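Before any questions on how it binds or moves, here is one chain, the form predicted alone, in structure tokens.
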Amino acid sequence: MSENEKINCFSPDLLEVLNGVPHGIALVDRDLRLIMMNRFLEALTGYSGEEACGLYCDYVLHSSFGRNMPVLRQAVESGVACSGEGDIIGLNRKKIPMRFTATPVVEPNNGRQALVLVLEDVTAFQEIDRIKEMGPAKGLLGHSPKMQEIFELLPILAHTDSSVLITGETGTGKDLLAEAVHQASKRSKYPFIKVNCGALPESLLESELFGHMRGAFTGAHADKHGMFQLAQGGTIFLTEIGDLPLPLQVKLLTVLDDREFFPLGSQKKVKVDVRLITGTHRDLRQLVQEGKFREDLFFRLNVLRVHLPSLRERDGDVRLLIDHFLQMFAASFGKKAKRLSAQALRLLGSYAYPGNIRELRNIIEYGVNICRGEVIEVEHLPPYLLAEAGKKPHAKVVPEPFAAGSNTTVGEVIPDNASSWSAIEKKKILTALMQTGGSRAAAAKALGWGRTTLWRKMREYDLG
């Protein structure tokens, strides 16, 4: 069969289907010669299907596998589908990581065996794996299911350049998440700039964001770059975006659409390449209905949305964060404080934290500063906590001793809604993981358990 006959033996419908697949596809004979390629592979290699027909695969597909391409040879010899990963040199002379999958089929008309070779670009998957290997976001801690969802979403947010809207109550860590997304992205080597839209009046905020020229207003004695220019190539995080005045909302929308703007007092446009992340504790949809926020801007900002849960919704994370802040401030201030008393933990465990993580951080910082010994007592905590405690039921404290031969610490705290032994074990596991930096082997040793026991209990309590 001639090369043209080989190509013509495929129905136009089949070729059209293959051309619509967003992966490189080729049909290869048993001698590893190309029979046909789809349009995606033609664009990747620079060869047309007619030019490539009859040529050996390794002549057209310049891959890291070298001659004979073992994936193809293995599929021919075994008669089953085989796959492997390697690089291919594209038309632009750049390496592209690919997954090669060769599947044996029967060649049309003559019944001979052939191979379907599929090339899938895995660049995105490799980048996501790299981000996952970086571990939890810096400054963001949590074992609760809701926080685990945030950590799993982080690689996706970091891999794209789309706008991100982070919502959540004040003090939940929106700025930490925004910076974590930046640090995990390809823009990490460029600046991360944070601007609070509610901290400045409109006239100053416009200059802060977009800069100004000398003489643009009273006091403008020199040209000044705005935050968008300073963030060139990187990420700008506009927190409290719901407080942005309407006139500036129009200008921000223009920047998002055109990637350029006029600084105050200038007639020359400035081009910028920045990624925008915004944050707010307000309901932007409600603001749109009230005419206080532009609907078109809301849609431009709300491409990817992440909601950070309040501390009240993060089951088990309060104790984890207490231990983290205690260690951090004790080391930073050179203090002796090593732990909180049972009564202090009970008080903190029953508090609602309207200020969320920021408030908890401030409480522990206060206690570390006030305490002169190793144990932070109730009297070392901010006085307003005692007033709040008088308005609601307290948590329970396990009396000493709890159980003979158990690993329970004397005075272990049990929240009102979790008075079971399971709740105690779960809290002990979280504390051990925190103290050992997440090492399961070290945590199991600290608890006096085998690694299998710890693994089984973590699965039982849905701790990952």
Partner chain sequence: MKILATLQNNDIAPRFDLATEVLIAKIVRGKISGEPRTVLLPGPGSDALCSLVIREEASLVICGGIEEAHFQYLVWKKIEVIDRVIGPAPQAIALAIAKQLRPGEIVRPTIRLETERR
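It should be emphasised that the depicted structure is a prediction, and the values quoted were computed from it without experimental measurement. Numbering follows the first chain given and starts at 1. Heads up, when I say rigid core I mean the largest set of C-alphas that superpose within 1.5 Å between the two forms.
Note that the form predicted together with the partner chain isn't included here; everything after this is about it.
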query	finding
One stretch from 93-101, 75-83, 378-386, 147-155 that, in the predicted bound form, holds residues within 4.5 Å of the partner chain by heavy atom	93-101
In the predicted bound form, the residue from I89, L176, L287, L200 that sits within 4.5 Å of the partner chain by heavy atoms	I89
Option touching the partner chain, based on a heavy atom within 4.5 Å in the predicted bound form, out of V60, L430, L41, V28	V60
Heavy atom distance at most 4.5 Å to the partner chain in the predicted bound form, all of G437, T452 and E460	no
4.5 angstroms heavy atom contact with the partner chain in the predicted bound form for L32	no
Core-aligned C-alpha movement of F100 between the shown form and the other one, 2 Å or more	yes
